[in-house]
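One chain is shown next in structure tokens, namely the form predicted on its own.
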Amino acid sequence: MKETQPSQRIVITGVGLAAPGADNLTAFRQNLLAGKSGIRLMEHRYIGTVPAGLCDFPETRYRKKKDNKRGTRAGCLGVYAAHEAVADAGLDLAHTDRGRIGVYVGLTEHGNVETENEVYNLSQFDNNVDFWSHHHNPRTVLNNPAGEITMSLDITGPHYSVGAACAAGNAALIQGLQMLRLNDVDLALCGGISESTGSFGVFASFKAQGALASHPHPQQASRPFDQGRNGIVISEGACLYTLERLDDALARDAKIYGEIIGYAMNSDARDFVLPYWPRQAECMQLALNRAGLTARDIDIVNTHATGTRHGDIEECRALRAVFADCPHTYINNTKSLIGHAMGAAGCLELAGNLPALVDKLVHPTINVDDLDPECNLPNLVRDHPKEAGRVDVILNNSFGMLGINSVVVVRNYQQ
């Protein structure tokens, strides 16, 4: 492991989340270890009854109902997760320079939900544009969720969204790390948010593509690696982290979840939706190189696999190429339990695995009843948690449309 100055070492000191089936990390981890799915049925305008990952959380804990109504679902999720992350980090913002806090939010898309709702509402009034909301523009600008967070927490430092399809959560983590290393900020609130379950267009597009999951039992609908998989379960969610320089975290005796020691992003440059395993493998290898590690040093790989045939197989090819001779590297998948939370996926999935650095348990992948031979990965953890003995390093994959790939490597904090 290469030496890095404390001012350049970036650690996670707080986690705030809303996930399908959980509104905090402890409950989320318990569900994952128990193999308890957060998927349920929802009624969607035009689409009908579909399996989806929906979040139940105290929406007015940090913001009044009227402010939630004026804002967006993504903003509501983000405000909750941001406040939780700050509280979890033990930070008192009253004694913090709020101009030195940056907010970086990863999004797959934004504005779909609000636009679709406005068009629908307009249709109920004979398309009279007088009934179009004057809140529409601030709701739909791309920086909206990050901006709503700054207003709620009175943060005056930079805020913006990172658009990186389903790699966006990891991309925002990387952005926060880089801004800390550049000394642009002293604290980064970063992660991913998704309000995709509110969008008719997202469901309709995946359905038209033949990639929208269906199953008579919603909790069995998300089934990456299984022969019977038939697509993606769309989920909402949010997960934000507080990132700090190591020396700042130590100075205030902060709890440290782990240290981000490697990361990478690259592009397939090939297709709008179909992934390409050689570029995914290159992205993983670049992250390992930056971390100063070999594949054998990784204890858990959390896969991106979404439950589409081509996507799962391509990632498995990439994993075999990188982790071909790693008998002590365990592999799991979180989407089997919560569905695909799009821009929030990478950060939620990393959060669900972070406690393994302490409890040494690898949460299982569920719903793999008939393993696809092309997805037969060594040490794929299925059905029950695995006691790993050693869990010091986690590698988290997140890949997205237009061929964008992101990988983050987190290690147990070591002095």
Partner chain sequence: MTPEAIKEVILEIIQDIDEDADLASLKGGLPLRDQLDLDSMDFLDIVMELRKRYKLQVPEEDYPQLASLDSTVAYLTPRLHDV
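Positions refer to the first chain, counted from 1. Treat the numbers as computed from the prediction; the structure is a model and nothing was measured.
FYI, the form predicted together with the partner chain isn't displayed, but the following is about it.
This chain lacks the partner; the member of Gly292, Gly228, Gly201, Pro138 within 4.5 angstroms of the partner chain in the predicted bound form by a non-hydrogen atom is Pro138. Note that among 67-75, 332-340, 262-270, 242-250, the stretch whose heavy atoms approach the partner chain to within 4.5 Å in the predicted bound form is 67-75. Put simply, Phe125 is close to the partner chain in the predicted bound form: some heavy atom of it is within 4.5 Å. At the 4.5 Å threshold, heavy atoms of Ser133 reach the partner chain in the predicted bound form. At a distance threshold of 4.5 angstroms between non-hydrogen atoms, Asn121 is in contact with the partner chain in the predicted bound form.
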